[in-house]
Ligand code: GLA
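This document starts with one chain, in the form predicted on its own, laid out as structure tokens.
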Amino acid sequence: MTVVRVTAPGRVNLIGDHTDYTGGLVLPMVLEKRTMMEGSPTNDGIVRVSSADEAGTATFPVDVEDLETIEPRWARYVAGMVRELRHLGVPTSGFAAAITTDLPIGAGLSSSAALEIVTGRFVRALVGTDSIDDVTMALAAQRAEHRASGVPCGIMDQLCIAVGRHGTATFIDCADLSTSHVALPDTIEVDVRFVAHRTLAGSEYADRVTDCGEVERLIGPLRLATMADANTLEDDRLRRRARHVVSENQRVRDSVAAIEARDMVEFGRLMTASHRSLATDYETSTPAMDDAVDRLLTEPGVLGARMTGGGFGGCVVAIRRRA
């Protein structure tokens, strides 16, 4: 019997949050922690998946369309990916697989995107095709996320996980999906700390996407906007949302330049400024996240810290001088 075993990492975002769904710039990196899927093909047109880390076993047909009927809910990400690949011409006759992960669930480290990408890699290996490249895989995973969770996420998580390299940050232009890899100096380590569980489904994340859509209706694409454009907005909330996105895109550009110049003090300053912008202009932080960032900034060797991911809980990330 053929046994297929594939993995996909989680991701932490160093800087560039809430910019991807407007075609902006981001700088995430993949983690050592991974999700694994192992299983074998079947010929009965049924998918059977179980998870060692979440409750329940799911069974659904390979021609699944309605994800809302699938329980447990985590399996909707698997089913969504099976559906998207089928629509891309990569069908499976069925499989049975087990999923394990050392990624914390609901911590803002893209466990759902890792599950989508690992499913895509599993199906790709199962049917023996190389017709789905990494960018196509990431776009399919993004669509699967939208259908499975109802959260209108951008492309950052899925694309970083699909193309990322360990030990480097991935600079992504979310407008044209171009990527490049930015090596971090050996003198620096990345410190990720869990603060609080969260889910973006039912959070204010979708409200921020809506706000940005309204901003773009008024001033045009945010990826091309200037601070002067943002300041023309009469509505205070929309002005602050635009101010964050415009300034965050610039912080990503400046961060890449700082890392390439090995100016990690400047990169740390930019990370901290990003957190302040997310907390005040974008209002996606929480008192617990703010406290965690402030505590990190007092620790020896820490150059900068910020919340990471969609917000409303999850993890904070810092860079520090390696001891």
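Numbers for residues come from their place in the sequence shown, where the first is 1. Nothing here was measured: the structure is a model prediction, and the numbers come from that model.
Keep in mind that the form predicted together with the ligand is not shown, yet the notes after this line are about it.
Engineer: In the predicted complex, is there a heavy atom of the ligand that lies within 4.5 Å of any heavy atom of residue 154, even though the partner is absent here?
Structural biologist: So residue 154 counts as contacting the ligand.
Engineer: Contact between residue 74 and the ligand in the predicted complex at 4.5 Å, heavy atoms?
Structural biologist: Output for residue 74 is no: heavy atoms all beyond 4.5 Å of the ligand.
Engineer: Is there any non-hydrogen atom of residue 310 lying within 4.5 Å of the ligand in the predicted complex?
Structural biologist: Residue-level check for residue 310: yes, a contact with the ligand.
Engineer: Considering non-hydrogen atoms and a 4.5 Å limit, does the ligand approach residue 205 in the predicted complex?
Structural biologist: Yes.
Engineer: For the chain shown here without its partner, which stretch in 78-86, 146-154, 215-223, 120-128 has non-hydrogen atoms within 4.5 angstroms of the ligand in the predicted complex?
Structural biologist: It is 146-154 that comes within 4.5 Å of the partner.
Engineer: If you look in the predicted complex, which residues in 16-40 sit within 4.5 Å of the ligand (heavy atoms)?
Structural biologist: Sequence-ordered list: 16, 17, 18, 20, 21.
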